[in-house]
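Take a look at this single chain, the form predicted alone, given in structure tokens.
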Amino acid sequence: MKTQRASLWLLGTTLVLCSVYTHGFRRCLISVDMNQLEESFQEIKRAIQTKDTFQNITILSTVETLQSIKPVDVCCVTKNLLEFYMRRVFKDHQELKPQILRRISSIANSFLYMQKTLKQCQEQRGCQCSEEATNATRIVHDNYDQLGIPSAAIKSLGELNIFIAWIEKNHQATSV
């Protein structure tokens, strides 16, 4: 009888620990229409990228960290990069064409919604920033600062597809 209780206790403890472990690493899902976001980007891509005078330099993809971010750091990096786009890129870019400005505003509104959704998820699960995650976003900021504001904003807008694809991979229901 004692052996059965011990076995049941051990099984129960294992299940609880597994539940806590997977709950801690489960990704925050962001329900945004990624197709609409991608369409908005595609509609501005050519106009933005033709203004890019630094074709051989990148802000997001040089770090290559987006692809190597550990699952535990996804929350932090997403939060930091959304904030980066909202506080710097969208505000720094001066667009004169109304149709492009509307698309950029649409993307910014989607990012704002993602920030709100992610914040709620973070409050429930906690979102810690490791040194590696902080360094990855610091590199993005440094790359941005090295180009100068107008060029960096154009470059970052032109690289939105990299960030959008990464968000889709890490925060959509199909990725869990």
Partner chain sequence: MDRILHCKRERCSSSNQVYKQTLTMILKGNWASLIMWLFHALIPCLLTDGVAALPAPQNLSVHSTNMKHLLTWSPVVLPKETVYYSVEYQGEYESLYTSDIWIPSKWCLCTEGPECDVTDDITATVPYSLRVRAILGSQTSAWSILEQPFNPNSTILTPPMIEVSQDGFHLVIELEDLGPQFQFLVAYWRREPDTKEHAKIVRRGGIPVHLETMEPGAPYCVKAQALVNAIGRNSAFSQTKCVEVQGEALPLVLALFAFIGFMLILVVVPLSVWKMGRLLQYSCCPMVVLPDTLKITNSPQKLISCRREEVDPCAMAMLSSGLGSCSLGKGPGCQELASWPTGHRTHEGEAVFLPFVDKGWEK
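Positions refer to the first chain, counted from 1. This is a predicted model, so every value here is computed, not measured.
Not pictured, yet referred to below: the form predicted together with the partner chain.
- Contact with the partner chain in the predicted bound form, judged as any non-hydrogen atom within 4.5 angstroms, is confined among 104-112, 121-129, 66-74, 134-142 to 104-112.
- Proximity of Arg46 to the partner chain in the predicted bound form falls outside the 4.5 Å heavy atom cutoff.
- Using a 4.5 angstroms limit between non-hydrogen atoms, Gln36 touches the partner chain in the predicted bound form.
- None of the heavy atoms of Gln42 is located within 4.5 Å of the partner chain in the predicted bound form.
- In the predicted bound form, no heavy atom of Gln55 sits within 4.5 Å of the partner chain.
- With contact defined as any non-hydrogen atom lying within 4.5 angstroms of the partner chain in the predicted bound form, the stretch 129-150 contains no contacting residue.
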